[in-house]
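Take a look at this single chain in structure tokens; it is the form predicted alone.
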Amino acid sequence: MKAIRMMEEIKLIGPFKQLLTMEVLPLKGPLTDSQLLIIDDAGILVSNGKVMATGNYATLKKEHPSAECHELKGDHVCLPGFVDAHTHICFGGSRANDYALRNSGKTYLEIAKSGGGIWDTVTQTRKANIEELTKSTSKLANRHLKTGVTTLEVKSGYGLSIKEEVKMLVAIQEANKVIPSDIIATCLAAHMFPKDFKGSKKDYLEELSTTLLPKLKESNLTHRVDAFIEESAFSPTEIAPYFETAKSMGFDITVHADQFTPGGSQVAVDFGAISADHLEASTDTEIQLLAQSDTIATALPGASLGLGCNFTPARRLLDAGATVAIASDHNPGSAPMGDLLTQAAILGAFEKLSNAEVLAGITVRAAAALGLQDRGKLTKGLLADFSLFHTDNYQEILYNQGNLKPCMVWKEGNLVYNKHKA
């Protein structure tokens, strides 16, 4: 995985006032806080970047006397590293003007049609070179790391040509090499129809299918393909041949679905997408579709806050039996905040989600939204990715609505952020 993973002796880290392992939780449906497995006075035993054992700190210390001890002072709560399963942090420029226009009454679609929106970011991103994009992506990824995010997905989609999409994905790959956290790249070349493309939407998607996707396979730049299904982007009918090709080539499918109008969830389910993201406009029909499928519903409260629109109906999705992950959608236009913990806490308050549902949504269920089975919970054999919070009660973390940040972040058993030494 990363250069930080080294052959090492056994480490014992603790004691923690509380350790939430996020084990034994069902993937689908509602959760109660009583389902959380909480270990008091706990420790984590780590070997070669993975969890060797969790349990009572004193007991682990006695059973492993040769372990390298990292003893903590004061009260700490330990959570698995957060997984942000939907971001757009590889970009050039700023969209502060868009934000001002929206707050003055202009709609997202009106701003896009007048030359702002995604195309503005496309123009700025095309001007940036790989080194500049790598640097800016790394900077934002490290900002996420300090808030407890040890794995994050990053999309392309601001290039909108074969050359520029490849450039973005190379920059994302380069950023992944130089930061402690893990970046999962996604190709979003079908973000919108590029204004400068000579041809129809059908022609553009065919070019992506015949030229870009083979390049991505050959260069191993990503195994994930996304598309925006919306009035300002692509219709379900238009996107179907593209997804058919991507799926036949072995790409995982994910979908920007039901953000302003419904329709995308049906496409996600039809193509066996790993996730359908946004869902602010989902109706009972889409909720039932997702609940009866294996497609994970990913709520993006950052977009709701940025646009001033409804939240994803997370409560109804969970009660219907769906899997709900929560991601930041960090992007320069509709979700500039990029603070996963704050957004998840706010979503929980508005949608009446239990602590267990929110925390699962940014750990184990978010990992599932990226198809990752090796993280999201702290159990034997999985990655030793975790964050520590200065408190004696895990409930304080969401109660403070993002104001209580991690004091330490560990990636694969290595301390990669220490607030007191930052």
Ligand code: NIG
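All values derive from a computational prediction rather than experimental measurement. Start at 1 with the first residue shown and count on from there.
Below, we refer to the form predicted in complex with the ligand, which is not included among the displayed structures.
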property: Whether F82, H144 and W410 all lie within 4.5 angstroms of the ligand in the model of the complex by heavy atom; result: no
property: In the model of the complex, segment of 312-320, 331-339, 264-272, 289-297 with a heavy atom within 4.5 Å of the ligand; result: 331-339
property: Exercise: R95 in contact with the ligand in the model of the complex, heavy atom 4.5 Å; result: yes
property: Partner contact for I118 in the model of the complex: the ligand, 4.5 angstroms, heavy atom; result: yes
property: F228 within 4.5 Å of the ligand in the model of the complex, heavy atoms; result: yes
property: Distance check, Y108 to the ligand in the model of the complex, heavy atom within 4.5 Å; result: yes
property: Listed residue (T186, Q259, T137, T125) with a non-hydrogen atom within 4.5 angstroms of the ligand in the model of the complex; result: Q259
property: Within 179-207, the residues that have a heavy atom no more than 4.5 Å from the ligand in the model of the complex; result: H191
